[in-house]
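As a starting point, one isolated chain is supplied in structure tokens, in the form predicted alone.
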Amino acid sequence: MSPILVIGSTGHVGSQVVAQLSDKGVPVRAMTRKPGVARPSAQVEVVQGDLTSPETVEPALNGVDTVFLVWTAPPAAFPAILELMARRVRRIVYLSAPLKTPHPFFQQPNATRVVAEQIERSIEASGLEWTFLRPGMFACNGPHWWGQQLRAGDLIRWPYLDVPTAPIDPADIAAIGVRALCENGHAGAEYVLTGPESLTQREQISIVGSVLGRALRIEEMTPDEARKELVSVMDWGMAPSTSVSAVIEKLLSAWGAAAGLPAFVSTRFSEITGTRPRTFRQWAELHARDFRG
């Protein structure tokens, strides 16, 4: 059996794809810029590759038929990598975004959206068999957003507390990705994936407090206050080249557009797997230590 190449193998979703493929006994080749940082199982082949240097990616594609792609490099680097993949592989599963979901939360213009649209169009024109995963808000944002404040005390200040989202466990996103990588019948599919429930941000913070056994004080932060304060109270976990202010503006725009509306909740995960995706509380219980630091 040919190995499946996972590009972006150390991120929240990519690492889960690697683990779940390995658990199924599927040969996995995990590509990362820093192989020494990766700590997969003994069954996983870890290879070095930098998306901005095609010559380092080409060896990782040897003998590969299928690729799981998380794109984290500058968009200008994508055409050369896609050309390499189009010559070597048959199937690609791309971690995209809910670009076509008819909900204001997902329809606000931003640079990340533009890049995802460009990548999708290129993949569609490449001749590769493709599947696009379109997850909504990740449950694992919570520790990055609220962890520092939780470690400092019981006060959490946050904007748009009454705006709901439907956070999804990255492991559930990966589960659909693994099916698309290993099964036929997913070619040309675009899977919008969310958690099973619409929860306001206030409710999500309260759930975290309950899981940690703490009575939290939750205060509304205005958008202007958020622009000033979020840079220092959040553990962004992003590449140094990423504009934190641009990410903050993207979030504020999305939350503001969704005010007064229930979150978009997709049933796609259940339709594909026959099971319910993990709730936010279930995810928080499994990852309580991530909030404690």
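A quick note: this is a predicted structure, and the numbers were derived from the prediction, not measured. From 1 onward, residues are counted along the sequence shown.
Heads up, the form predicted in complex with a small molecule isn't pictured, but that's what we're talking about next.
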property: Segment that reaches the small molecule in the model of the complex - one of 174 to 182, 128 to 136, 219 to 227, 200 to 208, heavy atoms within 4.5 Å; result: 128 to 136
property: Partner contact for Leu95 in the model of the complex: the small molecule, 4.5 angstroms, heavy atom; result: yes
property: Touches the small molecule in the model of the complex: Val13 (any heavy atom, 4.5 Å); result: yes
property: Gln43 within 4.5 Å of the small molecule in the model of the complex, heavy atoms; result: no
property: Touches the small molecule in the model of the complex: Asp50 (any heavy atom, 4.5 Å); result: yes
property: In the model of the complex, the residue from Thr72, Gln149, Gln108, Thr101 that sits within 4.5 Å of the small molecule by heavy atoms; result: Thr72
property: Full three-residue contact with the small molecule in the model of the complex, heavy atom 4.5 Å, for Ser9, Met31 and Asn141; result: yes
